[in-house]
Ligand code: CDP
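One chain comes next, on its own, written as structure tokens: the form predicted alone.
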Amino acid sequence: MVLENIDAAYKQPKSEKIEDKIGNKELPIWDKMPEIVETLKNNNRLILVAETGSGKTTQVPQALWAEGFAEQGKIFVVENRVAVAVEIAKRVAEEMKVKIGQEVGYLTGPEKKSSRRAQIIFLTSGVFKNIIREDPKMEQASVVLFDEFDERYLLSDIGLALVEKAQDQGSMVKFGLMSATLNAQKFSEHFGGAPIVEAKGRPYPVESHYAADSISLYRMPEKSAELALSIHQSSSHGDILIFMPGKQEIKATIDEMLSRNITGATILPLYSELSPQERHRVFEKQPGRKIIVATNIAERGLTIDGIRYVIDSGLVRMNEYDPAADTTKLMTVPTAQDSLRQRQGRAGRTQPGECYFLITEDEFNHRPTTTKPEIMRTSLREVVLQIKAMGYSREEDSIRLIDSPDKKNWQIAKNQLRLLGALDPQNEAKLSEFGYKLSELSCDPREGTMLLRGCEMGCGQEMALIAAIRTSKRLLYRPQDEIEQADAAHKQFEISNLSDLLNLANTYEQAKRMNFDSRWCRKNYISWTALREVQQNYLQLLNQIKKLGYQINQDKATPEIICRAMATGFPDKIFENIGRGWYRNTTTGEEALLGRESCVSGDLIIANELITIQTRRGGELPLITLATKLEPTWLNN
């Protein structure tokens, strides 16, 4: 079918009535759909810049499917968040009038529903990385669409580089980058003049408002609640979406609204750790107006019908990695302009909208124009491991990354892999046999090392659970206004002073005995979503080590053996006690404070998790949040 007159084409009678299976052609993206389809027919690359609300995420995959692209292979749509992949897949299936999991499916870590005959598959970048590793030439796919690519998630960057590599090696797979705020020219030049299609216009206009003066983080919940109440009282229709940097601020904002006795509205939180059922409530009809308080999970991809007003704190919580110290800083930082525009675009989708920025217009104009790519603010251990495992080399430019961190950061990652035994000592451009086994695991090389060494030591089953806990969302949470109750509830899970990770494993086992009951989880301040993710990752890791030929122990391992196995993943993270809760790295001299929640003490400890937090006075505090006791005799074995 030629899409020179796409509307007329879809009205032609067909045996399967494709026009009944194609989505909402009232959306602006359909004005550009003929050009999008023809561009991908005649080229293997496409840069699509389409405004928020235009319908690109839901409509482009359907149009490609209708044009027969799925006859050559599956249409993959790579999303950066589990919630987005799941909800968009459900919406597309609904528009195509098919059952989710059949023609349209989704594949994520904790959630999946897709059959072998699925032709449009929404998936997370982590799942896509595993797919392309198994199928380097992407013979099963016709098109890979990277949605909201301007967010520049690490695994999306790697996945795109591997698709480009597949094309260079003769693959027929095509790819498209989609975003509302993408630097199209930069990416076009990087990919050899890839064609750009721009789709202007959103369904309805959005009016912007700015704060008269700067507002501190601590006053954001109060100001947001005041503004929401004012909107609620002055306007009779249209839902409200409030952006806050994290769970703590979401809770504070909701409490502020409840204290103002807002009536005639349903107030809902939205963040990644909610269960799918709780998360889905924001998409369902609720009594009265909906007021949704969300993290940046609602910034992109998700369309929440009825949103007319957006209130934006202008803040986001993200990790910043210090390669020299191998620490992660969890920071609340100003949102970049591209993300601010994405948030603004949550309104104006089904009706004219208004966006209230809780920053001044001058602050808006002085924000960074684009969000910092994740590859520039994360550990490169896994990146180097995966690149080498596929026979490529970043150093020799056999795989081209759009942005590359400083050469020193690559060297630090390489040194860490050397300490773990992942590099071939005769030729460090290649992996050792142990390194290749590490690359088969869906976890960081540190967790992979303690898992494989744990199998050799007879505690593989326990280490698979601990590795799963380390690679999943945080199990325990402590609401700011319920810290004492949460700490008291968590105390019951503390069975060992040898390792905090042993206590987390016990938490999971207790929850499993309770059949992961959501009410029991809430009572004990345990994240139900994290438990589900741990379970998925645990089973996945067990299958992976079995495929590698490792035997899984049936008898329960002793705590000491488990701790010795954990130490193998952190040979450069040995700290000695220097008094008053402070510890010093025996190799680098770096000092850090052991967190109050840790149950571990001793002359030597392994820092299983080391972060830097911001203090209230604006300083930085290095903090060991998860630790394992280390006996000196273990270092000689």
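Residue positions are given as counts along the sequence shown, with the first one as 1. Computed from a predicted model, the values in this text were never measured in an experiment.
The form predicted together with this ligand is left out here; the points below concern that form.
> Considering Gln337, Ser518, Ser188, Thr350, which brings a non-hydrogen atom within 4.5 Å of this ligand in the predicted complex?
It is Thr350.
> I need to confirm a contact call. Of Thr58, Ser598, Thr39, Thr568, which residue comes within 4.5 Å of this ligand in the predicted complex, counting heavy atoms only?
Exactly one residue meets the criterion: Thr58.
> Consider Ala70 of the chain shown here, and say whether it contacts this ligand in the predicted complex, taking contact as heavy atoms within 4.5 Å.
Although this ligand is absent here, Ala70 would stay clear of it in the predicted complex, with no heavy atoms inside 4.5 Å.
> Considering non-hydrogen atoms and a 4.5 Å limit, does this ligand approach Thr52 in the predicted complex?
Thr52 belongs to the contact set for this ligand.
> So in the predicted complex, does Ile545 come within 4.5 Å of this ligand, heavy atom to heavy atom?
Ile545: no, not in contact with this ligand in the predicted complex.
> Any of the heavy atoms of Leu27 lying within 4.5 Å of this ligand in the predicted complex?
Yes.
> Pick from 87-95, 246-254, 159-167, 374-382: which stretch has a heavy atom within 4.5 Å of this ligand in the predicted complex?
In short, 87-95.
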